[in-house]
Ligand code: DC
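The chain below stands alone and is given as structure tokens, in the form predicted alone.
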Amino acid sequence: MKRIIIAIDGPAASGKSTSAKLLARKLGYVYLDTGAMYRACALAAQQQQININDIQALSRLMENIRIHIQFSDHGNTIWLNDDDVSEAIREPDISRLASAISAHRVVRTKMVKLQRELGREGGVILDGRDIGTVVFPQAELKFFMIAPLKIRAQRRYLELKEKGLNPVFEDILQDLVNRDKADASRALAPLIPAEDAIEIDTGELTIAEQVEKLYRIYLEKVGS
């Protein structure tokens, strides 16, 4: 069976990352969390105290940054310049910074090049904001996952609680509103579904139901 490129886009907490990871395991594909790459860029900028609106400083950062991704059935291990930053990049402040830094062309150019190198052979599932529109517009199968704002906020709230944090639901809700607006309105690679993307509303679906729905569509597209 041909091993294809599957692009899964959508807003934060729409279920795309979890579904992508589990679908990749089911298909024996590689899962690539592209959002983690931008988070690693944000963490690097924070560590070096770089103003994310300083384009010259960002350009230097992108010239020297080394991001390595180790793949496994359990997801991606993200290495930034020899350090495992898989947990550090999940902090809420890094999430906000990643959304802002990803709007800069110099950052996206570097990350898109790396993403294309990692996924060019197929047999890969990538999730993010612009996979089906910019990174791999030629992807054979594209999904765009959505869910109501409050449901996405509740998911993120529970995720943070499970990590032992004490999140405030209203803060998470407002953060998602801000991120949605920033992602959809940026001039470079805005968050929009590709014309040939299949929209999946995950609001009323369990994770297992999401994965099964994607899997059925994959079989219809590629064959059993």
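Start at 1 and count along the sequence shown; that's the residue number. This one's a predicted model, so the numbers in the text were calculated from it and none came from an experiment.
Beyond what is shown, the protein has a form predicted in complex with the named molecule; the following relates to that form.
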- Message: What I'd like checked is whether H74, K142 and K213 together line the named molecule in the predicted complex, meaning each has a non-hydrogen atom within 4.5 Å of it.
- Response: no
- Out of the stretches listed (59-67, 32-40, 195-203, 157-165), which one is close to the named molecule in the predicted complex, meaning heavy atoms within 4.5 Å? 32-40
- Considering only heavy atoms, tell me if R152 and the named molecule come within 4.5 Å of each other in the predicted complex. no
- Could you confirm whether V124 comes within 4.5 Å of the named molecule in the predicted complex, counting heavy atoms only? no
- Is L80 a contact residue for the named molecule in the predicted complex, using a 4.5 Å heavy atom cut-off? no
- Just to confirm, A98 within 4.5 Å of the named molecule in the predicted complex by heavy atoms? yes
- Query: Considering only 168-197, what residues come within 4.5 Å of the named molecule in the predicted complex, judged by heavy atoms?
  - Reply: R179, D183, R186
